[in-house]
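Before any questions on how it binds or moves, here is one chain, the form predicted alone, in structure tokens.
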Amino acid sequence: MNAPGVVYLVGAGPWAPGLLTLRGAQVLGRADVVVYDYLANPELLRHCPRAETILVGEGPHRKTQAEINDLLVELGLAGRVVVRLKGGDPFVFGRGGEEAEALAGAGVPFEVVPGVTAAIAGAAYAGIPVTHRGFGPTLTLVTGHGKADQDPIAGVDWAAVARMSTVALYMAARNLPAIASALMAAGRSPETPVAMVRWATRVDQQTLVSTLGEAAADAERAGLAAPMTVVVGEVVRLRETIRWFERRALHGLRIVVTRSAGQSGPFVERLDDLGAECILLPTIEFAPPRDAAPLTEALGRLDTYDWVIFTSANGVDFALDALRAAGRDARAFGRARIACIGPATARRLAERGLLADRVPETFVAEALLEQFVAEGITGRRYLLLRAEVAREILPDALRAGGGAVDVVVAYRTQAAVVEPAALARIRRGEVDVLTFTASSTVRHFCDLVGPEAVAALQARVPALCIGPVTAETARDAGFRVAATAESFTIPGLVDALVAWRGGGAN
């Protein structure tokens, strides 16, 4: 018989993946099996890429609490490391206590990892502090959904609850009329402010402020349904002053990010901070050239060039990786000077231990060409390290001016493997903005999404582009380019999104 494993009862928080505790992330990383419910953000499963995952939430996957208890015991007794991932906090109306009892009774070791509980987080994200010295000294947490065979308001001393300064109600959507009536019958004024928060901490969080007497009717008119938490008390009035979540510059926008998976991190992080929901569709990935010989040969004679030109951070990485693989380092550049198109390229070069001698103020090939023309081109030798598919403006102009130019492929782009769920959402039109960071992202996006869905998106969804070259490609493909970054960088694209949204875009 196997020695028992261990079961971790982990609070996932209300939804936002950043609210998972460090301990929660740690035990997810060591899990063999993760048993999760529909109120736990599936993004958290990235912490456990090798684990078996079992959904026990809504729909066809739904299991009774008794079935979940039995499953946890079975897995624990089989010697597995199990994470039971639950929305909110497992011991705050999360039935974690029942699961712990079952594990203890079966002799399965377990640990409780508390989480950020939904009502407190939902109120905070709605701009409501559930405790505040100016609005009374007491707070009570109440479930609005008892056992299936019970009257929803039975067993609660509503007179005592009504005397509390602030009341936070969990799972109260269905029974809100009865709960509101019970509180008013116990003496709470019908004019008491009420905030109803649906899908707390998600980018599509909805917050509706009403009064105790009108809350149920207002929620029904607004179509506000579960999952929803409710805050009752005068402290709700502070929302008008300190609400912050819904005031973020890009709140609620569903933005398609087409950048490669390896490069999208800082862009996605910034969009998240500004309140957007990022739909990740990496349209491209990068690979070494099909024939490495030309790159190897060019790197072997670096010191014979006057200028070595990098057009992207990818070119820097692939070229310098190839140089190192050949057993050489920065000394191989010798007398050659280095030019970079764009600060991101120069920054990546610096991270690899080299400083660019020339970076044009505007981040296109034409600006670099102007600087070369000013110093004289005739008789100079240039090495241009770039992608397999790129514009010919720079090499053609350098040759026309009397320069000798070697154009060498340092890397190539190819279509990426995409997440089917993200692709399905885009094809259904569940997006507000498309972002393109290179001409190749436009072309591969069209190939991935397909002509019918692309045509529907072009008719409704604006595109924002990192620079004029990408914008021209997008327009040629039929997209409506709503804005182009003034600075042809990811921070510049973020600034363009904020300005576009602030200008009344919808």
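It should be emphasised that the depicted structure is a prediction, and the values quoted were computed from it without experimental measurement. Position 1 is the first residue in the sequence shown; the rest follow in order.
From this point on, the text means the form predicted together with a small molecule, which you will not see here.
You can rule out all but one of 266-274, 335-343, 313-321, 222-230: in the model of the complex, only 222-230 has residues with a heavy atom within 4.5 Å of the small molecule. Here is the short version: of W158, F245, F93, F286, the single residue with a heavy atom within 4.5 Å of the small molecule in the model of the complex is F93. The single contact residue among L55, C446, A51, L39, judged by any heavy atom lying within 4.5 Å of the small molecule in the model of the complex, is L39. Contact annotation for L85: none of its heavy atoms lies within 4.5 Å of the small molecule in the model of the complex. Contact annotation: A410 falls outside 4.5 Å of the small molecule in the model of the complex, judged by heavy atom distances. The closest heavy atom approach of D89 to the small molecule in the model of the complex falls within 4.5 Å. The closest heavy atom approach of T207 to the small molecule in the model of the complex falls outside 4.5 Å.
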